[in-house]
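Take a look at this single chain in structure tokens; it is the form predicted on its own.
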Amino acid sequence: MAARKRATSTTDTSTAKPVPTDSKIEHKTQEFADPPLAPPKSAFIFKLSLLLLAPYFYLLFCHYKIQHELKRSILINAALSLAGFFLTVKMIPVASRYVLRRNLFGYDINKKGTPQGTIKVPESLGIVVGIVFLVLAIIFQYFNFTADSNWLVEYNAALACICFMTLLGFVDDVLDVPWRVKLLLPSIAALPLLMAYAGHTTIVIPKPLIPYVGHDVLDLGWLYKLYMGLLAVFCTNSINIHAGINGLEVGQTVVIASAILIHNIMQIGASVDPEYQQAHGFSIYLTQPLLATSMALLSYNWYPSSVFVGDTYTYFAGMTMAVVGILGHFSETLLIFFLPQVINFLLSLPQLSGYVYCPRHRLPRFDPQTGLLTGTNDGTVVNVYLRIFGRKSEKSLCAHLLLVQVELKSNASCPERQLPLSLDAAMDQLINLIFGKT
């Protein structure tokens, strides 16, 4: 999370004197003299990709016999996503120069008091991810959909929602929209999907909840569209408020997206219903580009961040995953993948509702002498985790929270598993292997 600082122009144009040509050239040269971004953390992204995607590709190629045409579409989409990854990596440094020139930058609050805390970090680089994602999704239509395809209307409605939310997120980054307005933005952006949706209005109850509900399928009727709108609001804002440390916003998206891919391929492999398989294939077509472009952004946003993602990215990612869950017909399972975000939302309710004082930045306290973060009394998972397990470096804290996301998702899906009592200590070796020394 960045404390934004915007420069404003106070030049009096009425008394301004003509600037000599040589001075203009010199000024333009200085504009382009911004220090280059640190190179992307390619080794980290490679190891993280192996960890998250190995199960998915094993299920796709070895474990299940996927129908040929469906597998072909998935692989074409994967190839486009890979191209999108490299394009995003190349575009982020270019976009960074432009946003810095327009004074759209921030300072890293969690490095205040250190030399890194005085560096201008370009903000709102989620706009690059959103644009590349939309281009990939539009190009993919040529390979997979025909003019009379039943899925084309909903596919374009999904892209309209995502595009609308990306735009509103960028507007928020520029104008700094109040919180009450932020809650309404996803409702507006979800309208194209709500109007175009023609699917069923039933939800499949997750197996752990069937004994409590009494049914494995529940018909919500008109309430389902209301539920869809509320899900869009929750997904976009939940990623936005579960933030504040380098890599957390993009990292949680990467973890959830990989879980969505594994879930979809398992559902496709276990079903013989072509319509059901197509619904989950539809989900994969949007999730693979999201994961690839987010990985590219994470290579710059991982600790120490050389770019900030802004509300543009959190809104874009949240809306994309909400759309994927709704049109893939597993919106209730999506909430299991969002379990840490649900917990964070519940912890945040007293402050977000105004019952308890809510500061502008609900961040942990940074000690520049030790480089460690200490949890405050603010109601966030970040602060609660630090209060329970003690002070940590920013990199270590983010790695722990991401692995907790994986563990909670696994335990929610498989209730017979138990969280280990020594969870914090057991993670250290895996964290050092994947994330490096923290």
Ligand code: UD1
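So that there is no doubt, residue numbering starts at 1 and follows the sequence shown. These numbers were taken from a predicted model, which means no experiment stands behind them.
Only in words, not in the display: the form predicted together with the ligand, which the text now covers.
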task = With the ligand left out of view, choose which of 171, 230, 335, 109 has a non-hydrogen atom within 4.5 angstroms of it in the model of the complex.
result = 109
inquiry  = Counting any non-hydrogen atom inside 4.5 Å, which residue from 257, 137, 327, 363 sits next to the ligand in the model of the complex?
reply    = 363
request  = Establish, in the model of the complex, whether 154, 156 and 162 all lie within 4.5 Å of the ligand, using non-hydrogen atoms for the distance.
outcome  = no
request  = Considering only heavy atoms, tell me if residue 244 and the ligand come within 4.5 Å of each other in the model of the complex.
outcome  = yes
ask   = Would residue 352 count as a contact of the ligand in the model of the complex, using a 4.5 angstroms cut-off between non-hydrogen atoms?
value = yes
task = Flag residue 300 as yes or no: does it have a non-hydrogen atom within 4.5 angstroms of any non-hydrogen atom of the ligand in the model of the complex?
result = no
query = Does residue 179 make contact with the ligand in the model of the complex, using a 4.5 Å heavy atom cut-off?
reply = yes
message = If contact means a heavy atom within 4.5 Å, which one of 316-324, 236-244, 205-213, 87-95 is the stretch that engages the ligand in the model of the complex?
response = 236-244
request  = Heavy atoms within 4.5 Å of the ligand in the model of the complex is the criterion; list the residues of 303-342 that meet it.
outcome  = 308, 311
